[in-house]
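Take a look at this single chain in structure tokens; it is the form predicted alone.
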């Protein structure tokens, strides 16, 4: 597959939750082409930065030609992107990778930990548009780091916080204990959270094949060349997040050897 870089115009910048930036760009071809769960490589112009930054599209609107990216500032590249003014161009490469498989009849449960929520506004919108019953389980360190529930129109939203400042006091995975049988689960978050999700699924007799995860492994090229995003496969060898994923069935991953490389 040949993917060309394109210039997109920044049209809006906001703070969707504490510590995060939402950058909205206008580029109709990308907004029409991207599938929920796919990502883009964004070029940065900060001094001493070379590599693009990989971000999943949080949502896309083909009618307006807009798409949004939600990320934390963790270094010079993301800081440069977070400060781009409206009217400035940003270089996009994508859409890349594989998105979520969204068709089905079973109730859909979204499990989002921390900045893992960034991929889900568009995913939930697509699930609701398919007429599926959707429950969103949001987890964060504190209430200030939770995305607003109105970003998930048409879904039931439950929350958990580490400090007990909103919702359940504890892990977002604990909220799964209220769920029974016949579910499709979509997860994204730090590796320890995803590993806890797998343990909970086994206790609840939820097959890992019914769980899809969006992996957040470090990426360099985003097109399968640098091999920096390798994740251990359950069948042996390695999977490349940028090509086999980032959205994968959980039963394809060797969770016992998955390292904590979440970068957001």
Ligand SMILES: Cc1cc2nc3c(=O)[nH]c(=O)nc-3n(C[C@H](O)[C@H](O)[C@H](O)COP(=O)(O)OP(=O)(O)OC[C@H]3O[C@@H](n4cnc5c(N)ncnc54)[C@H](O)[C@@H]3O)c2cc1C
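Numbering follows the first chain given and starts at 1. Quantities reported herein were computed from a predicted structural model and do not represent experimental measurements.
Below: the form predicted in complex with the ligand, not depicted.
Enquirer: If the criterion is a non-hydrogen atom within 4.5 angstroms, does every one of 110, 171 and 191 touch the ligand in the model of the complex?
Expert: Spot residues vs the ligand: no contact at all.
Enquirer: Any idea which of 59-67, 213-221, 195-203, 26-34 reaches within 4.5 Å of the ligand in the model of the complex, heavy atoms considered?
Expert: Careful reading of the contacts points to 213-221.
Enquirer: Only one of 75, 87, 154, 104 comes within 4.5 Å of the ligand in the model of the complex by heavy atoms, so just point that one out.
Expert: So the residue touching the ligand in the model of the complex, by this definition, is 75.
Enquirer: Please tell me which of 93, 146, 175, 115 lies within 4.5 Å of the ligand in the model of the complex, judged by heavy atoms.
Expert: Flagged contact: 115.
Enquirer: Using heavy atoms and a 4.5 Å limit, would one call residue 71 a contact residue for the ligand in the model of the complex?
Expert: Looking in the model of the complex, residue contacts with the ligand include residue 71, since a heavy atom lies within 4.5 Å.
Enquirer: Determine the residues of 43-57 with a heavy atom within 4.5 Å of the ligand in the model of the complex and present them in sequence order; the list may be empty.
Expert: The stretch 43-57, when checked against the ligand in the model of the complex, contributes 53, 54, 55, 56 at the 4.5 Å heavy-atom cut-off.
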